[in-house]
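The chain below stands alone and is given as structure tokens, in the form predicted on its own.
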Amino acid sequence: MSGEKGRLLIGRDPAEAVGLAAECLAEALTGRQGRRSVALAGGSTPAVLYRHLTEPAWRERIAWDRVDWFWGDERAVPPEHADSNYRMACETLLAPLGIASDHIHRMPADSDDLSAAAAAYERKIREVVSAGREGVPSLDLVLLGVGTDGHTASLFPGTSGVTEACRLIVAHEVPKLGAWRMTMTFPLLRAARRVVFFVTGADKAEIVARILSPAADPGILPAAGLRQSGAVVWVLDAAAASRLSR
């Protein structure tokens, strides 16, 4: 399904959904000259996609050496920590592809001064990624997931980052987790050339249906803050799509 509110792609099973997500990534990273930019997501579902992209067919199809890698969000842990989104992406995607270190831009969420680190990461993005509308950098691809509470990246319901209108990167406390996170905000996410939500599993079916409902409130379900964008693609497996109406 496609339209001015974006596209919806549904795989029969998780494996087919991974293939559809990989095609979306390839579309965003091919077809024009110059460098590309990607913001990666954390979690077990993207890890399956990352491993898939290291297979020979994808190695040959995409000019990986022309891509700059960023992160949509990060936990306040060192890069070698088991919970680090950076570590997961390096182990499953970037290291197997042999990506050069100067193309990898880690989100420094383990810094002592998180506000300063967030500002520095925003400066890095502005330095590397060309500006689009209203002077906001336009990433070629942002990969996102969805939590069962409707959060995406680390934009959780009720957190200060959800309503941020100026800063592109913020560090904020997530009370329900008792932890701090660093995250991209809506001004940067909405400026991306392509946003791909990759969601699988029956446990996500209800929240996906709520987010894609016309009545969804981004203040309650932050992932709905991107629902109206034509640049958004939702890639689901049949289980995650099972609560959607025709």
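Throughout, we count residues from 1 along the sequence that is shown. Remember, it's a predicted structure, so these values are computed and weren't measured experimentally.
Beyond what is shown, the protein has a form predicted in complex with a small molecule; the following relates to that form.
Checking His172, Lys124, Arg106, Arg75 against the small molecule in the model of the complex, a heavy atom within 4.5 Å turns up for just one residue: Arg75. A heavy atom within 4.5 Å of the small molecule in the model of the complex is found for exactly one of His52, Lys204, Arg194, Arg36: Lys204. Contact check for Gly219: every heavy atom lies farther than 4.5 Å from the small molecule in the model of the complex.
Contact check for Val146: a heavy atom falls within 4.5 Å of the small molecule in the model of the complex. Taking the partner from elsewhere, Ala153 is found to have a heavy atom lying within 4.5 Å of the small molecule in the model of the complex. Proximity of Pro187 to the small molecule in the model of the complex falls outside the 4.5 Å heavy atom cutoff. Just one listed stretch, out of 42 to 50, 61 to 69, 28 to 36, 210 to 218, contacts the small molecule in the model of the complex at the 4.5 Å heavy atom level, and that stretch is 42 to 50.
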